[in-house]
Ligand SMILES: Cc1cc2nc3c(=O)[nH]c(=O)nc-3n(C[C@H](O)[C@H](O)[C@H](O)COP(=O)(O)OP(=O)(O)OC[C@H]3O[C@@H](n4cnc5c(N)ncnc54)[C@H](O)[C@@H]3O)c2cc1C
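Next up is one chain by itself, shown in structure tokens, the form predicted alone.
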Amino acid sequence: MRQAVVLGASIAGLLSARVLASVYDRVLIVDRDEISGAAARRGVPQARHLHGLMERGRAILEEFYPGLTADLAAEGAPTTEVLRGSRWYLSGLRVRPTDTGLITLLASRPMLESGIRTRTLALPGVELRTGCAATGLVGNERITGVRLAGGETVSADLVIDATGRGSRAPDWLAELGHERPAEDRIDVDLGYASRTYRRKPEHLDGDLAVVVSTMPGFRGGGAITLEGDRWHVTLAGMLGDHPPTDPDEFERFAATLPVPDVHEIVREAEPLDDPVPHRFRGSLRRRYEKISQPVQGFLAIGDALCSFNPLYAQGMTVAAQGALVLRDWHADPRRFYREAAAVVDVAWQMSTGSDLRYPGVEGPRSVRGRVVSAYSQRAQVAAHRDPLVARTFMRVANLTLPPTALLAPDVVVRVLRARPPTR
């Protein structure tokens, strides 16, 4: 009997199990948390904060679980068109409302994860063991299993590391004599705080979401409608400019955003809980693709491979893209890491390029990077007025188009003609 073991019941882990269920007789998912229903859990520290599922990620989930969007909508998760029924602000300017063909599924992270988990565990041969942590890998020339807390050893033809940013797999591999992946880091010292409120239909004139991007010179935040007629509000700041959790100070921080939309909700809506904080030190990328001889029988995926600045909402979608790569190359680690690196490259360059616009963020700044950053800034200004630029920009941000789409001749002309509005 062929068995795969997936470490971590994260979205990356669940999608990995979904893919492997068609290849292996048994897929065992192991997670240290006790998991029950659609509740926030310790292993997902950002579960109580805003999450964004990009259209590319939603489309992949639909491919793996047909009807998932409609099912979650029937359970109460709102849906809307990205620039219709929701508001996006870049550099303090609202992106022009226009049709994009992009769907936003406004489900909380616990609800989305629960929906995926239920469908994954319904597959033949898939089992979830909770409250059980992995403590090491087993094998020599090839990984042949995992050790669990308590001393139990579980044999596996393939082990998937989906344990997230805090993965201990590099240490485990080194203990067995295998090469440790090099790491790239971009520290941003991001802090955010979140709170939920009772939503009324008249809030935001009926719109379901507002996102105010955090950029140099601008604090950011957002409010999205969740299941249960709730607003989920998150405020954010970079480089130590963290929002407070005192309710009055939380409101005062919201008032400093460049537009009033989020502050109006915080000021007017009934709070349902107290603000909760979270801190993110920086993006971390493990370069498994640069290992000369990656070990057989083991693969890393999701945040265990690359943990992005959550401001840009790329994590779940890149994890879904990684699952597509896993589907085709699960038996070939070198090919898997090469193909996964190509997926990660796009999101990594977009997010770190935005982070490096902050003078206080340390990292490599090339002439090309400065040119791209300046052009991106112009594109954001153009998106404020031009529907074609707005549509293209949002499709690139949602990973449904490559960044080169912003360099199409008709888009370039409109971007270069754009002038900042008079305030």
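Sequential numbering from 1, following the sequence displayed. All figures in this text were calculated on a predicted structure; none of them were measured in a lab.
Keep in mind that the form predicted in complex with the ligand is not shown, yet the notes after this line are about it.
This chain lacks the partner; the member of R58, H51, R378, R395 within 4.5 angstroms of the ligand in the predicted complex by a non-hydrogen atom is H51.
W172 is the sole member of F253, W348, W172, Y89 with a non-hydrogen atom lying within 4.5 angstroms of the ligand in the predicted complex.
Residue heavy atoms within 4.5 Å of the ligand in the predicted complex occur in exactly one stretch of 125 to 133, 90 to 98, 267 to 275, 326 to 334, and that stretch is 125 to 133. The candidate site formed by R32, R109 and Q314 is fully in contact with the ligand in the predicted complex, as each residue has a non-hydrogen atom within 4.5 angstroms of it. The ligand in the predicted complex is not approached by S373, whose heavy atoms all lie more than 4.5 angstroms from it. Residue contact check for G164: one or more of its heavy atoms lie within 4.5 Å of the ligand in the predicted complex.
Contact check for A12: a heavy atom falls within 4.5 Å of the ligand in the predicted complex. Remark: D303 counts among the residues lining the ligand in the predicted complex, judged by a heavy atom distance of 4.5 Å or less.
If you take 368 to 391 and check each residue for a heavy atom within 4.5 Å of the ligand in the predicted complex, you get nothing at all.
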